[in-house]
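Given next, in structure tokens, is a single chain: the form predicted alone.
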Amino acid sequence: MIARNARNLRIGDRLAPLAAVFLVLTACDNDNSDTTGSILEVWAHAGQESERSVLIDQVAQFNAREADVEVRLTLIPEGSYNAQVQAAAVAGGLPDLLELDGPFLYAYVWQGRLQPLDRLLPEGLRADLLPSIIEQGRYHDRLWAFGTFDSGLGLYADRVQLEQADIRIPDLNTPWDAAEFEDILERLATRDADGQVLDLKLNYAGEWYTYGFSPLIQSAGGGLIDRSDVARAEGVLDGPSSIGAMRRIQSWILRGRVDPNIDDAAFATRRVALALGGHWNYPRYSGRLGEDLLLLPLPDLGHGPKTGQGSWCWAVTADSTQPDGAARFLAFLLEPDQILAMTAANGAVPATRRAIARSPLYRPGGPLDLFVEQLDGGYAVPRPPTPAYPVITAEFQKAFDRIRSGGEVQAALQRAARVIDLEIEDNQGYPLVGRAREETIR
């Protein structure tokens, strides 16, 4: 698809001062170069090739359909995406429509860079979205962004190994509790040569720690931060519930029940019976285990099973002069055919119920319908909706590194909480003022 549109590829002149390479495509099979319509500037991250191809094709379809608006797509490398967009924001050079990594959304709202979507999208479209999509995009009681897909987090299991150890299969209504889960680890260990029976993806790093493990903290009654108006980490991240959850996780590691998974093959080779993982692991796991693959909820550590959520989302910039055109393109991306095309490319959870109903993987009875049940049923906890999130996740990741290496849990979490609270205090709690406040009442 990229080669087919190579004639429309050039360096983005609006971003040239940022000294980065961008792919700008007016992607159109029917060549709309002579269009008399308005140009809608759209920026997106250049993710995996399959996603890029789908998005480029979607732009081409939209441009062929619309006579009075033409999307001009700019793809920015994922690794530097947020930095490049922030630099453009400071320079006053944002496009009309912007793709954002979900956790960064709140900073853009606080900076007054975005305008609300709830007045632009028809109620019917919003009502079709999974509640997790709305939760991620809502801030100060307005909807600022939404994704066309969400993520799924669960516990993959090897049916054969569970049956051999006479272990019951849990579901969301009857999840394993903490004591049962730890007993299962020991029972599986007695049948395992090295006693390592659980993959926590410790070979991953960065955001995985926060995404993968904060649901276990929340299941224990803890959290990353107090989510009231007076947001603070002290007493929550370093509170008894969070400390207890992290001590459990540390004990699984220190007792030798967790495979370090250096080769990223612990579960796929059936070296372990259980693996914490996301929707992106399914193709590989199902290919290796077939009918023996199970998808289970995370254990209930006292306050019900929890899961992660969140992914890339779309937002209209505050200075856009084409909000209606942007809304039309967003409505197009939410059509079931478009969502299914994108989720077929990246394996993620479709964002709307209409698309889910047509998805072989995610519809009721499909092999990944647990992910939908979790996102639709209130089991998913969004990342803290605050501009401080980049600091929150960075400090939690440092604490997790110390804890997994045997560091004292309470001290590690207290250190993280102090840094997070200092960040929030330095910004006076991130009140919405000026342009940001104006946008909330637009």
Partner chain sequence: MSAPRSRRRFNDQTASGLLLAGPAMLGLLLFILAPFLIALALAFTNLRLGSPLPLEFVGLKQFQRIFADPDFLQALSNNLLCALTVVPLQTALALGLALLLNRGLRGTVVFRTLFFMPVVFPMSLVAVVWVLIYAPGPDGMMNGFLDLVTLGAWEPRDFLRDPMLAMPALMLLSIWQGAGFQMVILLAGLQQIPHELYEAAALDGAGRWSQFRHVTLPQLRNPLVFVVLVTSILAFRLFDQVQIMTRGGPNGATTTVMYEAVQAVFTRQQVARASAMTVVFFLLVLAVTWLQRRLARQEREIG
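Everything quoted here is computed from the prediction, not taken from an experiment. Residue numbers count along the first chain shown, from 1.
Missing here is the form predicted together with its partner chain; even so, the following discussion is about that form.
Colleague: Consider Asp401 of the chain shown here, and say whether it contacts its partner chain in the model of the complex, taking contact as heavy atoms within 4.5 Å.
Modeller: Yes.
Colleague: Can any non-hydrogen atom of Gly206 be found within 4.5 angstroms of its partner chain in the model of the complex?
Modeller: Judged by the heavy-atom cut-off of 4.5 Å, Gly206 is in contact with its partner chain in the model of the complex.
Colleague: Hey, in the model of the complex, is His45 touching its partner chain, heavy atoms inside 4.5 Å?
Modeller: Contact with its partner chain, no.
Colleague: Verify the contact flag for Val69: yes if a non-hydrogen atom of it lies within 4.5 Å of a non-hydrogen atom of its partner chain in the model of the complex, no if not.
Modeller: Contact with its partner chain, no.
Colleague: Counting non-hydrogen atoms within 4.5 angstroms of its partner chain in the model of the complex, say which of Trp252, Tyr282, Trp110, Phe332 makes the cut.
Modeller: Checked against the cut-off, the match is Trp110.
Colleague: Within 4.5 Å of its partner chain in the model of the complex, heavy atoms considered, which of Val90, Val160, Ile169, Ala127?
Modeller: None of the others qualify; the residue that does is Val90.
Colleague: Within 4.5 Å of its partner chain in the model of the complex, do Val391, Glu395 and Arg415 each have at least one heavy atom?
Modeller: All three within 4.5 Å in the model of the complex.
Colleague: Tell me which stretch of 363-371, 176-184, 299-307, 110-118 has a heavy atom within 4.5 angstroms of its partner chain in the model of the complex.
Modeller: In short, 110-118.
Colleague: Counting only heavy atoms, which residues in 404-441 are within 4.5 Å of its partner chain in the model of the complex?
Modeller: Heavy-atom contacts within 4.5 Å come from Arg404, Ser405, Arg415, Leu422, Glu423, Asp426, Asn427, Gln428, Pro431, Val433.
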